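Presented as structure tokens, the chain that follows is alone, the form predicted alone.
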């Protein structure tokens, strides 16, 4: 998922070993009660999404993404968001720099949540403040959010099922033969993997979606062992340290270009998870 989680995508798999498959199946079972509306309320409203606070977590993530796409010039034909969950913020900067964006998630309830907004309806969360904030980051008037919303709807061509625990996570024929120019994945892999080894294998599977020279933008939780996917639904998370993120990227053949870390202020710790920090990693496939 995205989860700030971890979004909830993918999880069935052929990892190597019966115990690994059992762990993935157990993770899949955890998500059967996932509630997109509750998840969005927990993580994407104030104080975590307070656009007037510099230390709020959502503006920090949006700033990292803005810098990658606008200041560092990431652009291309195809971008895939792996494990979108029910969220759209992670592609609001990207939509200005790519011709085609593919959203994906393991859970049908999350794909349906995305489609409601993309098809012009109302979803569980009003994305207008997010669109306005990204417009401000780009030096545009906050009133330009309608243009950005139209642009986003026009470049998202697909909302697909994805399973990061499969060697080929997306349906056949989804991508050009060479692969995507850029991948984004937010709070997904650590939230759908039973252990660090499964997390690393899933990260390797993503590499198969990316062309040589393409970039991966990975956002995830640090020091988190669970998050709430619905009232009373505690979903286990692989508790990561910065060094483990760097090691997994290296093992999977990525060149790490940048790693930034956000530490949660005390009033951002809401009891909906036990996360202590968030990382933003930019890596390149050689």
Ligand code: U87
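From a predicted model like this one, the values you see are computed outputs, not experimental measurements. Positions refer to the first chain, counted from 1.
Below, we refer to the form predicted together with this ligand, which is not included among the displayed structures.
Mapping the unseen interface onto this chain, residue 66 falls outside it, with no heavy atom inside 4.5 Å of this ligand in the predicted complex. Heavy atoms of residue 31 reach within 4.5 Å of this ligand in the predicted complex, making it an interface residue.
Using a 4.5 angstroms limit between non-hydrogen atoms, residue 130 is distant from this ligand in the predicted complex.
With a 4.5 Å cutoff on heavy atoms, residue 245 does not count as touching this ligand in the predicted complex; it lies far away.
The stretch that touches this ligand in the predicted complex, counting heavy atoms within 4.5 Å, is 185-193, out of 91-99, 148-156, 185-193, 68-76. This chain is displayed alone, yet in the predicted complex one of 216, 107, 134, 180 has a heavy atom within 4.5 Å of this ligand; that residue is 107. For the partner-free chain shown, 221, 224 of 206-224 come within 4.5 angstroms of this ligand in the predicted complex, judged by any non-hydrogen atom.
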